[in-house]
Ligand code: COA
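Shown below, as structure tokens, is a lone chain in the form predicted on its own; questions about how it binds or moves come after it.
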């Protein structure tokens, strides 16, 4: 699995994959998770946070989607600022060096893998790599509370922005996660991710920090 970076600059190279991606989101979030408020007649799960500024990280095997994640700049409207502001006691984070992660998924037949690095770990390590590459300092995430210990266990410094709130019968919390070299090294080492996973097709001119492939021993 390779994790492709899809931004405004190279989105034209992934038009067919993005169409599959939005339909897959419908299958996962509307059909599987029963988030029926997101249902649309065209069977694409797409919302106001899918804009030209949104970045997608898609785990691909060939042209087939295995995993995905959405990154939205917090200076733009986000899930936290627009839908769940009650989760941040001091108000939603709005900074150019912080992005919100959302719509994190792995396709059903690749969940709970035991051979090699799990797709879930690879897509999360790729998010940390992307943040380091473009100079971010943190991510915010709105998540179900049971996710928090899992983030900590993979070596991420995740701090709640407020108290958990019951939303649609789910304990939900907003967290901020530090983006730094240690967080990337820790998840790679603890989850057997071999190193740099990102593919920057069509983005050669973008200024970014190159993250080294070797993972330092801990």
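This one's a predicted model, so the numbers in the text were calculated from it and none came from an experiment. Residue numbers count along the first chain shown, from 1.
The same protein has a further form, the form predicted together with the named molecule, not shown here; the description that follows concerns it.
Not displayed here, the named molecule is kept clear of residue 139 by more than 4.5 Å at the level of heavy atoms in the predicted bound form. Proximity of residue 82 to the named molecule in the predicted bound form: non-hydrogen atoms within 4.5 Å are absent; the residue sits far from the partner. Interface residue remark: residue 132 is not counted as part of the site for the named molecule in the predicted bound form, having no heavy atom within 4.5 Å. Interface residue remark: residue 56 is not counted as part of the site for the named molecule in the predicted bound form, having no heavy atom within 4.5 Å.
Of the candidate stretches 56-64, 37-45, 177-185, 146-154, only 146-154 has residues whose heavy atoms lie within 4.5 Å of the named molecule in the predicted bound form. Relative to the named molecule in the predicted bound form, residues 28, 32 and 104 are all within 4.5 Å by at least one heavy atom.
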